[in-house]
Structures are given as structure tokens and as C-alpha cells.
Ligand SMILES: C[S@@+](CC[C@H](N)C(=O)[O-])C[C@H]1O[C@@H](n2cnc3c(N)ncnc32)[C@H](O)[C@@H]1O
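The data below hold one chain only, encoded as C-alpha cells and taken in the form predicted alone.
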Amino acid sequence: MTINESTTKKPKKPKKQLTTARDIALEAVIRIERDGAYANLLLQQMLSNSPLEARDRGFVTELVYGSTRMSRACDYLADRFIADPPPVEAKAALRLGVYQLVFLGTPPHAAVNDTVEATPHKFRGLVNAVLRKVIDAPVTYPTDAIALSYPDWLFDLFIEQFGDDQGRALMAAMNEPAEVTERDDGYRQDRSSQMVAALVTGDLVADICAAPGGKSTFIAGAEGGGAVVAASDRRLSRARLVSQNSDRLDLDNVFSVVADGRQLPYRPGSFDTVLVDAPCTGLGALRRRADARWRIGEEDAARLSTLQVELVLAAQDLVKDGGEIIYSVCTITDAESIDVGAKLAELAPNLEPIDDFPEGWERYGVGARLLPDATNDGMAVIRYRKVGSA
């Protein structure tokens, strides 16, 4: 470097400190939009390092999750007043501001002033002007998919499979914040996942897609003495989550294993029950996964249903004759429920569907499901009994 360069080079601008709820929310939305960060993982990391109190942390979560779920609607309401696509920082600020004005009912002065204050200086004029126009403009949308903030293909799928009224009601339910429920042991787990875990019986259980361990620890900690659970996941980092959660709950009957659910290192016929809580599109739990509706594609259900069938076929070798397999997914569409059941009827004739579900489950095909509502996420399950060797 020459002397002239060293004396004329501008010093780096210090990075802005994230001190307020809207500062943190804006940074999170920028990183979700720009970097493709996963909302739940990013927010957990950012809040763990923040000085905010519990109330403000809750506000950040609502801002980030809510504006991400409703991003299509928010962007439309702002973009009406912009000639060219805004830079990501301005887009994120506008999304947060519109979400507060239209969906949270935040007083306009607070929604606009505080959002503008959190916005980088060079975009403040744009954000201020557009948000003030949003305040005075009618809230109207060109399509119902935009109004409900779903991709067109997904909106059409829900209407096709559930009908107009019920399809819209389900989508609206998944636009609301998720309810937080806590088990007696202090573990936070949604009610519908607990209902799936409650279907599992037996003394020796394999949970073959176990991370982060909510269902495994529910089964192991059941009142009156839980089962011994071999809880596996194919990634070491996720298997560690199972270990950490079982240790935190002081459970010595959960054993964490790193293994692919299709190639498990267990002796055939070892287990009373195998839980196959399979990877899925998550179309019944979209309110908990704020960005999932924007990541999932039309082709993903078909791809995942192939994996789901493979996992159940592997599970049938692990369960003893007369034992059970519980297949579950947090989705509600046919491709990963009825269609999976139809494939298994052809490929696994020794698996007999069990027609027995507790109150609260709605029978669906050879299994049952929960539909998203004020308290439940959407789930689909099929219970099987192994009636003989494959």
C-alpha cells in the first residue's frame, strides 16, 4: 500500500449494534430473504445472544415469523407504490412495517417511526414514504392466494383437496401464531406431536427419525414407566439433540444412534413398535415453520413419499411378528398419507392397518389425521400390525 492509499482509504463503518426488537427483527428478515437462512434456526441463535427481555423476544418472534408467513401479502401491499424492486434491506423493512400496520394492528406512528428508525439510513426516506401510503390505501388483493400469502400451486392444492371453504379455513389457521404447549416434564412440544407419540406402545421401541427427540422422550417418560427407546437419526448433530434432550429430562432409557432409517444396525424382529416419524413437506405445520411454504416445491411431496415408503419397508424388518409400526407425517395432503398407504398395501402385504384411534383423530383412508385448527397442527398417521414375515 502506498502512502497516498493509506491516507485516503476510508475507514470501515462500524456494524450497527442490534439493540431493539425491530433492529433484530429487521436483520433476521434480511438474512432470511438474502441468504436463505432458516427462520427458526436463525432466530434461536440471534435471540440467545441478545439482551432483550422475554416480552421483547416474543415480539421479535412474532415480527419475524408473522412477516415471513405473510410475506407475499405484505410485499404486494408495499410494491403498489414502488416503481422498481427495492434493495433487500428496504424490502425487509417494508415487509415488517406492513405486517405491523395490517396484520398486527400496531398504531401507525409506532409501526412507521420505529421501523424507519431500524432501517439503514439510505433507505429511510423510501420506507417512510411507502408505509405512509400503505396507511391511507385500502387493503385489497388481486387474488386470494396473495391475500392468504401462499404460493399459487399450494393454494390450488388445498382448495382441490379440501374444497373451497375448508381449504381456505385451513390456510387461514396456519397463518396464525403457533400455540406453545408444555408437557408435565417441562419439554415444549406441540399437542399434535404428543398425540402421535401417545399411539406408541410396547416395552422396546425404535424411533427411526428421532431428532430433536420430542416423541422419543415422550415415549420414554410415559407415566407408569416408559419404554426403552432406540432413537436414531442419520446426522450426528441431530442425534446429539436427542441425547441432550433426554439428558436434560434425566431419562436413562433413551439411547441415541447415528444411522440412516433405511439401514439400521438392529437385529431383525427386535422391537415391539417402530415409530416412523418420516421427513415430509410439513404442509400441516406451516405456522411453526414460517418460511416452509416458500421453500417447498410442487415436486417435493412425490420425492418425499418415495422416502417415506422406503422407511416403512425398512421398519417392518425391525418389528417382531404381532408388533406395530406407527407411520406419521406433519402434513395433510394425499400424496404423503393416502397415497403412501396405497403403495404400502402393494409392497408390504404383511402390514395390516389397525383401525383403532383415540378421540380427536379423524379417520382418513386406512389411517387418520388431525387438521390444523386453533390448537392442533396437521398430522397424518397410519398404524400397522405386522402379521407375518415379509
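Everything numeric in this text was worked out from a predicted model, so none of it was measured. One rule holds for the numbers: they count along the sequence shown, beginning at 1.
Form predicted in complex with the ligand: not shown, discussed below.
- Contact annotation for the candidate site: A285, R295 and P372 all lie away from the ligand in the predicted bound form (no heavy atom within 4.5 Å).
- Stretch-level contact check against the ligand in the predicted bound form with heavy atoms at 4.5 Å: of 122-130, 88-96, 201-209, 102-110, the positive one is 201-209.
- This chain is drawn without the ligand; in the predicted bound form, the residue among M195, L154, L311, V134 with a heavy atom within 4.5 Å of it is L311.
- Interface residue among D260, D317, D79, D300, judged by heavy atoms within 4.5 Å of the ligand in the predicted bound form: D260.
- Taking non-hydrogen atoms only, L307 approaches the ligand to within 4.5 angstroms in the predicted bound form.
- Contact check for R240: no non-hydrogen atom falls within 4.5 Å of the ligand in the predicted bound form.
- By the criterion of a heavy atom within 4.5 Å, R168 is excluded from the residues contacting the ligand in the predicted bound form.
- Taking non-hydrogen atoms only, D233 approaches the ligand to within 4.5 angstroms in the predicted bound form.
- Taking the ligand as it sits in the predicted bound form, the stretch 278-303 comes within 4.5 angstroms of it through a non-hydrogen atom at A278, P279.
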